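As a starting point, one isolated chain is supplied in structure tokens, in the form predicted on its own.
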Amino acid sequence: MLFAALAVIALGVWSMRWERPGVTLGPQQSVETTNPKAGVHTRLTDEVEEWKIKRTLEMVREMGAPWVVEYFPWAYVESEPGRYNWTHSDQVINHAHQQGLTVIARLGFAPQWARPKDTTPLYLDEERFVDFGGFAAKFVERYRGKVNYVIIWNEPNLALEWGYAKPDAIKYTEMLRVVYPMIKAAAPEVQVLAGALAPTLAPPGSEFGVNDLVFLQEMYNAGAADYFDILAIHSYGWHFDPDSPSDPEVVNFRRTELLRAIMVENGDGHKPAMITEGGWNDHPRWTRAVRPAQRIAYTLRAYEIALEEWDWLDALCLWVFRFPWDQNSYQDYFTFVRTDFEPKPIYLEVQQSMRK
């Protein structure tokens, strides 16, 4: 009997340790920061506990970053045609808005009903672009006033991110041509981001991808300029410091300037750009990583460059703030905060810089 009683007490203590009260939005907050362009990619897509969603976004605000990029998979919301489940999206958007954060919503990931059998969720045929556009229009209509920026698809210059089909700038431009007016009809003020190209030096004819500089020019050749408002850029530094000069033969942070030059050359210099992925990794054995102290210094310098040098850049959102669970790979060394919400040194250093 004594053992049973102790077991019950222990179970009660354990339950109180992990039980979470009902999650509330709390009071409206605002971000205190010295850098209005600073942001992060939050990756709450698969975070199932609302308190963790709220805590993640609180920590972003407390770090001093006003911008977040978040992924809202089409398949998660419209698993059957015309039937929508907005529960998780509502949680993320409402908590982000309450924390005073500006959301850049990345849209993609096709439901099974919208793609051929035995294809990945990143594959979409042209006749289904209108279905994707319908979802995008519903999204911006639902979150009107809370979400003013949406990214159309992700890294379409990679075969992996294009459903293992051959990357095709003409096809991606056709997606923009179909989806852009549907978004604008639902919420004209929403700014549509295109591109989100993976920085790659893939040679001509590669089965894996197309050089991002080549793909962007091909988009312009296909008439993409009429179907986006902002260029989304992915900018990873690999082992180079952020002041290493841009070079078409190198992937580094300032490769961003080469993409900007293509915009200008094609008469799009009046449009802004946003970096929606980027940054450095401090894995101890990955060949493209840097040391932890270098990562901190490079990150601080990158935020400074965005603010002081690139007047055409509206936001710099680095990959990745936190994952819902450990990835057990080099990806864990991109994060600012551990899965248990323990801040890494990089979080604390950025916070000190942003909250002076």
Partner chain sequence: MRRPMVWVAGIAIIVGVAGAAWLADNRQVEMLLPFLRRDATWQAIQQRGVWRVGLDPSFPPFEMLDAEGTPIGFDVALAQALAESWGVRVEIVAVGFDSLPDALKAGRIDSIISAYPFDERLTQDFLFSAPYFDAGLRIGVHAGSTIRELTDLSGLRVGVEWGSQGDLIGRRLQQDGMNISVQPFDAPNELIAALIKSQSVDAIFVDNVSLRQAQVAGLPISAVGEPLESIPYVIVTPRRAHELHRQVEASLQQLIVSGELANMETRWFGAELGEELSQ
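It should be emphasised that the depicted structure is a prediction, and the values quoted were computed from it without experimental measurement. Numbering follows the first chain given and starts at 1.
The protein also exists as the form predicted in complex with the partner chain; that form is not presented, and the subsequent description refers to it.
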_Interface residue in the predicted complex among 283, 184, 115, 142, criterion: non-hydrogen atom within 4.5 angstroms of the partner chain_ = 283
*May I ask you to check whether residue 297 falls inside a 4.5 Å heavy atom distance of the partner chain in the predicted complex?*
yes
*Hey, in the predicted complex, is residue 326 touching the partner chain, heavy atoms inside 4.5 Å?*
yes
*With the partner left out of view, is residue 36 within 4.5 angstroms of the partner chain in the predicted complex by any non-hydrogen atom?*
no
*Just to confirm, residue 312 within 4.5 Å of the partner chain in the predicted complex by heavy atoms?*
no
*Look at the stretches 65 to 73, 24 to 32, 286 to 294, 47 to 55 and give the one with heavy atoms within 4.5 Å of the partner chain in the predicted complex.*
286 to 294
*Partner contacts in the predicted complex for 341 to 356 (non-hydrogen atom within 4.5 angstroms of the partner chain)*: 342, 343, 344, 345, 348, 349
